[in-house]
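Consider the single chain below, provided in structure tokens and representing the form predicted alone.
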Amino acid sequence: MQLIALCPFGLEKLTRDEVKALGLKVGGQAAGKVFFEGGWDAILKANLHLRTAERVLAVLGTFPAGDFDQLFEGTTSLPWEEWLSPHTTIVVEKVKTYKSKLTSIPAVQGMVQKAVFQRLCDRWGLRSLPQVGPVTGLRVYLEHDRALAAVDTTGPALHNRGYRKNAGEAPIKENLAAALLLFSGWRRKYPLYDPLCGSGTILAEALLFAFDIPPGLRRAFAFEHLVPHVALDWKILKDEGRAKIDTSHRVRICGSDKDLRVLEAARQNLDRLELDVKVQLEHLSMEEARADRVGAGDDAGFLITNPPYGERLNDRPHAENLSRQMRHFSRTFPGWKLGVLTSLETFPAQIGLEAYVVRNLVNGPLPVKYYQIQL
């Protein structure tokens, strides 16, 4: 079976490496997509363990779709009844078109939904679908007059881990925070400090990574309402994931912020991980941060942060000034590596240091860059 792991632009290689690490056969990749193969167990593993992906799709088939007749016939030819249940609400939630004659997304959505409903009504002997119960999402991609139809096995995107109930004004998504840690090369033996920690997302993702905690362990998934699902198989896989968690590792993960309100949100979010681990949170301005105040000892570590961009909070001069203020990290965190996610193209010039890692990414709708600098 062909599967697709969707991910934010720029994270394709990380997601691909994660899929391979699960022992799954990886195919090609495209912008925001990693193709791989596997059975039902691969769907469960990918949803449970992938840190950088957004969702996992199961491809039901591909077919010519140069006009609406072909689209309808191709859609009705697929075995939807092997996946979908009459006890769910079935929605064509996403359509994308590229270099195809069919360009109207609402029209494609309507035709695909009509075709799926007709197929299911014929197979189930119904006049209409009940459309009750949890939502099952369908996705259709049209490219060069060919359609790919898929079932979303994830539901709410994978960045919804379940621990973050409180967020700041411009929070980073959990999977992007995990990606920053992977891009940086941070490992649990090194100190990690976020001097603008906000609601603590980078810190929380570091804990999940350091202790080998599956990011999908605490949430529900759309696949639990699909026909092939066996609850016992899912329980066994989660139990295996829990058995590999090891909180005995020594970690030095710290954060600070000048806003007491978001610090309290960070504490609450970290507490929801239910780990018997103390994360140091300090009420400090960025200028007050020093290595000896974050429990790093003599070891050089990693500063990883997502400062305000300016565009999102309508204060670009403040964001630029914040970048210039980071120059003092060369004195207060000598030998550390600094990783910053920002939309400011001028960031290296603002801080006065050359970045040796630059990644083009997106944070929601915004194009951003991840810069890593040796202090």
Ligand SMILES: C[S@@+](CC[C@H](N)C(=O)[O-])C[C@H]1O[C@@H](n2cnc3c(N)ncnc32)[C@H](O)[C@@H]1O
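Just so it is clear, the structure is predicted and the values come from calculations on it, not from any experiment. Quick note: we count residues from 1 along the sequence shown, nothing fancier.
Another form exists, predicted in complex with this ligand; not displayed. Remarks below refer to it.
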Just one stretch in 219-227, 188-196, 272-280, 118-126 has heavy atoms within 4.5 Å of this ligand in the predicted complex, so which one is it? 188-196
Each of R164, K258 and V262 near this ligand in the predicted complex, meaning some heavy atom within 4.5 Å? yes
Residue contact check: L322 to this ligand in the predicted complex, 4.5 Å heavy atom: yes
4.5 Å heavy atom contact, E287 to this ligand in the predicted complex: yes
Spell out, yes or no, whether the shortest heavy atom distance between H318 and this ligand in the predicted complex is within 4.5 Å. yes
Could you confirm whether V108 comes within 4.5 Å of this ligand in the predicted complex, counting heavy atoms only? no
Of these, P171, P214, G74, G155, which has a heavy atom no more than 4.5 Å from this ligand in the predicted complex? P171
